[in-house]
Each structure stands twice: as C-alpha cells, then as structure tokens.
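As a starting point, one isolated chain is supplied in structure tokens, in the form predicted on its own.
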C-alpha cells in the first residue's frame, strides 16, 4: 500500500520489510526495477516536474528518507510506518546479500570514490561481490550501460544525486541487465570515508539534515524547500 504525500506515493512498510522486499527482488528472476528514497526536497520538485514525478512513482520501492516526509504524512492523516534512510536501507541489504555471495556495482560520485567505497564495503561485508565500479562523470550512457551489463550485478547503486539518478534509472531500466537498482545520492562518499554521517543521536532524532546544514552552510539554498513543503502539506490538510 502506498501513502500519497503531495503526489508522491510512499510504500508503507518497516525498514525490515523494505530490506526483505528488496532482497527478494535481488534473488528473483528478471529485473524488478529500481528503488528511490525521496526526501521533502524531491517531493517538492515532483510537484512542478511531471517527468520526475513519474520516475519516482514508477519505482519498485519508494521509501521515505526525510523526517519531513514522516511529519507530512502524519499531518495529512495518513501516517507512514517508519522513516527509512537510504544509506541504512542499503547497508542492511548489502549485509544480507553478503551472506549469499550476491554482487553489487557501484556507479557515481567523483573518480576514485567508488573504488574506495568498494574496498570499505568488501571489508565491512565479507562475501559481497563488487562486480564493478564507475564514476559519475560521463556524457554518453552507452559505454556505462555496456560496462554494467557485462558485469551483470544483482544490485546497481546509482549515486548521481537527485533528481539526476531517479531520471537516469527510469530512462535506462529497460536497457540494463540488473535485478535491482537503487538511487543513493552521496552515499558512496560516506562508504568511501570521505563524508561522515551525523552522530547517532542526531540520526535518531531525525536531525541529520540539520547536522549537514551546519557542516555545509551552502546547503541553505536547498533547505529552503523544506518550509515550502510543510506549508503545502498544511494547506492540503486544511483544504481536505
């Protein structure tokens, strides 16, 4: 069941259910599609970008990454079961995949980052197979798709940043020999050790966004969408 939050339908499930669903897709026959983890910023962009909205709603899994989405759904009277940060979702999925020797391809970020992330993920999850890596600096999809298809991974992590990664997955899903894709933004930098996540206390309170804003004040231009998102949710609730 999907819960509508300003035009984006979120799958209403626990984190364990999300991981189990994704693992089932990884182990299944044929491609399942792709998973996305929108935050309020992406939901806001979907309101004015029909192509992005279709790409997000066309995903195999749509998981609420931002605490603002959780509050928004609650305000609308259709609460979601849990917030599911994309990086936590994928970390748990990789841990399960490692037990059965499944493979993952890392795609995105600056040159060298995917390779560093591969080393750290291999150490953290013995048994996982890193089938290939590729940075996110490209002008032609063709060679990248050929490289990914040659590797034939069970899971493809697409870390191009939103909304580019959502649009890329939707556009190329039919051309890829991959069971499941997942859009993960800047997660490769975290896996590579280049970027540190917020302390666990901040994570539990749903304040990772504030921690990142403090560390990167230039993000304020993006964060301005959060109050606009909240206002839109409140107005929708008032209008019924």
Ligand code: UDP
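Numbering follows the first chain given and starts at 1. Keep in mind the model is a prediction, meaning the values are calculated, not measured.
Separately, the form predicted together with uridine-5'-diphosphate exists; it is not shown, and the next lines address it.
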{"item": "Answer option from 80, 128, 114, 159, heavy atom within 4.5 Å of uridine-5'-diphosphate in the predicted complex", "value": "159"}
{"item": "Interface segment, criterion being heavy atoms within 4.5 Å of uridine-5'-diphosphate in the predicted complex, picked from 130-138, 84-92, 148-156, 115-123", "value": "130-138"}
{"item": "Exercise: residue 189 in contact with uridine-5'-diphosphate in the predicted complex, heavy atom 4.5 Å", "value": "yes"}
{"item": "4.5 Å heavy atom contact, residue 66 to uridine-5'-diphosphate in the predicted complex", "value": "no"}
{"item": "Proximity of residue 99 to uridine-5'-diphosphate in the predicted complex, heavy atoms at 4.5 Å", "value": "no"}
{"item": "Heavy atom of residue 225 within 4.5 Å of uridine-5'-diphosphate in the predicted complex", "value": "no"}
{"item": "Contact at 164, 185 and 212 by uridine-5'-diphosphate in the predicted complex, all three, heavy atom at most 4.5 Å", "value": "yes"}
{"item": "Residues within 4.5 Å of uridine-5'-diphosphate in the predicted complex, restricted to 73-98 and counted by heavy atom", "value": "none"}
